[in-house]
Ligand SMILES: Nc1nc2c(c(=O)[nH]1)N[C@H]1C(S)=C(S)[C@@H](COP(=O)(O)OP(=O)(O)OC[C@H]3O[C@@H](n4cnc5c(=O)[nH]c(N)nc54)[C@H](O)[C@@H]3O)O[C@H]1N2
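In the block that follows, a single chain appears as structure tokens, in the form predicted on its own.
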């Protein structure tokens, strides 16, 4: 019956999308782009959101350069940005749907057969095990319009309740910290604050490598700022700091509470700001009395003098900005640590003014778009699935029955994986992410994926570790082969344009979703979702009246013309922008005080620090630190490894940073091959002896496939974000360790 229905649906839409071989995605490159002109668009790697000028020849992009007048990068680009077009030409691009046969081998099929398998298999699973037995895992790397389409299609059209994004791996902690403290997921800053601070505090952030253009903005600061880096490792950023606080791993929450106590004891608190704009300060002040200098010094490994100097530097600063990223977020206690940073900004009045703020730096290019518009953690536009008035509003805007919108939130990523393990999730659709490489405790992750009845992977490349495990691979267009918008770390919406044709039969994710809606039988529900531009108009309306209101944006062309637009951007703000364009280019939140809780106040939140979930032992005596290894690598290297230029800029094989003190005791010398093992797995790496890591600690970059064989599946209780940054491991020269049982 399903097969007959699908054949009946193979009609005008399928033919429209598949009509011209070699020219899929969104059809022809827009005629508004002149054949040999240049055009600007936002980079598709990280959430810095740089703008790149694309140079065209005969109607197709051939080269690019950084845009000189864009307010984000001001004519700068990192190595990844320079190579953004090159990675599209890789020989392992997915160019046709691939279906795994009975022998476990992939065979190319056409889109009609792919849709037949997709719908038949997923509907059969739902019929046997219930509608929630199918789930999806998405990404922070698709344009917002595609994210919104996916979330709406899956949850409203296909009856799927559980779907999460890989932003759970990088930004969930910051999201929850802001929501609880401010009342909404609202990073308050603009990049100009890097240049206007006189004190810059970086907690768990290697800005030089992870966000090099942001570091360039720091280098433009005319105030000779104090730069304080809180990080166990002597990172590239710490090498350039005025103060490096090499704390014991995961002791930052204790340190920050100790700093708060000093500020309170010495009267270094902005009492007027606290009284006017916050709640819970008295309780917080009483709580931190337990964090004496002696306790903080003992638990953090820092000297009393270092701790006191840190507190005094904050006090003396006129414009202090606090920044954090994955070193805080990827933790078993990340939310409360992020809020400990927020507390310092609030109690010193360092928020809402130039050069200040409690500022979370985002990872993926469109993590912010995912946070607001993906229908994973929020209903479209930052709404709440659990609130009837929000469901009614969104249903009215989209023209759908309110009853199809779930009234409860999805499971988080880790809960979906646990659902597979428990037999509750039987089918999984993974879009634009590489779970088999990136998910914590990789060996278990792959075993979990192998339990599925049906796994669909939708990606640019057929070679990823996750795609190789799939039953069906759907070939997707990449950045510069489609249209839409990204939202960067400073809330700036930027435009992505189609300047190249996707290879073979690859389609934009947007049009894959159109095909699936058509074949699933819910195409009429999404009749208005005809293009990314049409969806953007709907997203504007969904945002109306919310903190992220963007109803003042006229459309993609307006964003492009304005050099990006930060949210919020209401219709009133559009009028203001027309009167003073320069003033609207760099905007902070909370300049006028009110936060998003019902009382207009920000909350002081705190909790006892949690001990390390896996402490060193005689068998596993080292703490593993992970993080960015090079400005040229990106996540699982799915794209960056395709560039010969980028590959030359980082070691091809995994390496481990090891203290010379530890190396001597192990009998390891520079460039030895060593075996690194944890309770979960093992990997071989090249020893790099350096004083950048302290004795008892090692560092391995996150990008290598083997790294997550070691990591421990531990999660923050509030954000459900994995704790990638610390677990217990052993190191031994090759040949000195018994074979694994």
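Note that the structure is a prediction, hence the values are computed from the model and not measured. Positions refer to the first chain, counted from 1.
Separately, the form predicted together with the named molecule exists; it is not shown, and the next lines address it.
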Between 56, 689, 683, 702, only one gets a heavy atom within 4.5 angstroms of the named molecule in the predicted complex; which residue is that?
702
In this chain shown alone, the residue from 496, 646, 472, 477 with a heavy atom within 4.5 Å of the named molecule in the predicted complex is 477
Whether 431, 482 and 628 all lie within 4.5 angstroms of the named molecule in the predicted complex by heavy atom:
yes
Contact segment among 325-333, 525-533, 272-280, 614-622, judged by heavy atoms lying within 4.5 Å of the named molecule in the predicted complex:
325-333
In the predicted complex, does residue 100 come within 4.5 Å of the named molecule, counting heavy atoms only?
no
Contact of residue 134 with the named molecule in the predicted complex (heavy atom, 4.5 Å)
no
Look up in the predicted complex whether residue 230 has a non-hydrogen atom within 4.5 angstroms of the named molecule, and give yes or no.
yes
Would you classify residue 170 as touching the named molecule in the predicted complex, given a 4.5 Å non-hydrogen atom cut-off?
yes
Considering only 220-252, what residues come within 4.5 Å of the named molecule in the predicted complex, judged by heavy atoms?
230, 231, 232, 233, 235, 247, 249, 250, 252
